[in-house]
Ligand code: GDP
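Okay, here we've got a single chain as structure tokens, the form predicted on its own, with questions on binding and movement later.
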């Protein structure tokens, strides 16, 4: 493992580019970076389409950030992954390849590539440690996205080895929160549940369908905690190996549904469609490396759900979020 200990990288006063700033994670990073004294750079898609190499290289050459958070991605839940595999693979491969090459060419000093917990094997030992990468088959329902995330990790490692670039990879657990995507065709489990429950409430319906058996366990971390961990690691971590961002609460999908219903004030009944896929049976990340550095999350699952439900009910058109944060 290539480690560079004792190399702090404070963001105060630096030009920092957040790629994908309109997505849930990118928006949370903007909120957190606003407290650091960094000069934050963003770009609309009309200015630079990160899937286009020439546009990406020109923009980074012109603006010359010192640090980049690579939070841009085409994202979604099981349905979106299953029905749009080409988009999930091509978009995410193109984005991360273009960003890493352009950052290298323009002399960016530090880059954080964002991995995903789905890049770990489907049946990895739980909680999943960083050294589980590429030790077994991927979960079929999100393999397209996972392959692109693995490519991002390997690109960061390759540029680090060949060119000495300080490119690191952070792997957040399942995230949720303000700014999430609530589009039924593209959302992850928490926003999908909130959307279904509030729609049922508005329509006077007393049942809501949930995909799968309700038995899988998932760990959830509020997005503002994740953004805080990302800034923490950008300033303190320099290693070739990925580092997990976790420390949230593990819960079954069935219990999660009950918590969402309680926060939204809905008193109906959930119907589980066992013919639909469950995805990975359990997914939680082992985060002793990050926690050992002194970082801790602050917002629990119930408080995070309360904030997310409240935002969704007040946000109007913004609540559909953005499935393609590029």
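Please read these numbers as outputs of a predicted model, since none were measured by experiment. Positions refer to the first chain, counted from 1.
Below: the form predicted in complex with the ligand, not depicted.
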The ligand contact in the predicted bound form: residue 142, any heavy atom under 4.5 Å: yes
The ligand contact in the predicted bound form: residue 239, any heavy atom under 4.5 Å: no
The ligand contact in the predicted bound form: residue 230, any heavy atom under 4.5 Å: no
Residue contact check: residue 278 to the ligand in the predicted bound form, 4.5 Å heavy atom: yes
Of 218, 160, 104, 122, the one that lies within 4.5 Å of the ligand in the predicted bound form (heavy atoms): 218
Contact assignment for the ligand in the predicted bound form, among 200, 108, 178, 210, heavy atom within 4.5 Å: 210
Interface segment, criterion being heavy atoms within 4.5 Å of the ligand in the predicted bound form, picked from 24 to 32, 59 to 67, 291 to 299, 278 to 286: 278 to 286
Interface residues of 54 to 93 toward the ligand, as seen in the predicted bound form [heavy atoms, 4.5 Å]: 77, 78
